[in-house]
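Heads up, the chain below is alone and in the form predicted alone; it's given as structure tokens.
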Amino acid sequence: MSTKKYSVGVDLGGTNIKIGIVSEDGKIIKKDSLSSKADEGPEKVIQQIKKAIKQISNKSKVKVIGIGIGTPGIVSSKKGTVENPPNFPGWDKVPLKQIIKKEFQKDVFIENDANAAAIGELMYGAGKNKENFIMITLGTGVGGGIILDRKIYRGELGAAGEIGHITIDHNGPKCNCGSRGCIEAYAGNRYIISRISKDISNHPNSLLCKMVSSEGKELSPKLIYEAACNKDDYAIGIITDVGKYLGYGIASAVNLLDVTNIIIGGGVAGFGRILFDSFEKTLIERVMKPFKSRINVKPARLKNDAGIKGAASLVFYKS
């Protein structure tokens, strides 16, 4: 009889809930998704989480030992509360752990989604053999997780690792957090798309402009990458700039923490080598001299399953 242990991983997003059953060695044996219905408020979202867990549990015969949930917002992992997650109207402070534990009578572990991604990379991905690293998640916004001595650093409120809100220009564009000139205001997907939308008409001969205006394609990181792969200088310049802005900010984190291993994941990381080369070059230029030769930048390994595996890993992770 197999002694392998399994957990449920719930990746809570503003649009969808992704969910899977994951073995302790990081293999997904079943996964699913459904709408999070975030616009309908916290009670509806919690109903959807419960529904997702019941659906996936009914589709698999393995016995799970616990449930892990990765969620946006400020998370107290001990209390299991989730506070003011962005893109979730009506949330204040919700005792999510208590609610889900009462429903399913299982151990429940709650963590900020970027922290969960960092823990997933620590256990199953690019951070498996690292003692210390900074995880960067590039998506709609810019998130982060900090691993020190193979433990997640949460800070006093559970909000540590908000790398996207390091200021790189005090007079820069307004960020969603209320400040100005944050990394996220230059490298988050919504800001990249906004910048191009305002600027693309000034580059009528660029391939990216033709793809959007003539071919009617929707502006997205994937389309920008496609244009860059076809040697469109405008698209290459955008991706290069994102790498630079990211490098400016992360240099401060490296200098502060003395951590030189950087793992980058999330959809915008799909910009690939152009982004990574620009980021690494800028980072090496900006960090203090003792760190320059030690900089090590790697792509995250868990890719599209990072949210599910990261959340599931919380059940097996010994913090």
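Here the structure is a predicted model, which is why all the values come from computation and not from measurement. Position 1 is the first residue in the sequence shown; the rest follow in order.
If you look for the form predicted in complex with a further copy of the same chain, you will not find it shown, but the lines that follow are about it.
Out of the listed residues 274, 259, 53, 64, 259 is the one that sits within 4.5 Å of a further copy of the same chain in the model of the complex by at least one heavy atom. a further copy of the same chain in the model of the complex comes within 4.5 Å of a heavy atom belonging to residue 294. a further copy of the same chain is not shown here, but in the model of the complex it comes within 4.5 Å of a heavy atom of residue 161. Although the partner is absent from this view, residue 245 contacts a further copy of the same chain in the model of the complex, with a non-hydrogen atom inside 4.5 angstroms.
Not displayed here, a further copy of the same chain is approached by residue 166 to within 4.5 Å at the level of heavy atoms in the model of the complex. With a further copy of the same chain omitted here, the record of contacts in the model of the complex names 142 to 150 of 219 to 227, 206 to 214, 142 to 150, 108 to 116, defined by a heavy atom within 4.5 Å. Contacts between stretch 286 to 305 and a further copy of the same chain, counted in the model of the complex as any heavy atom lying within 4.5 Å, involve 286, 288, 290, 291, 294, listed in sequence order.
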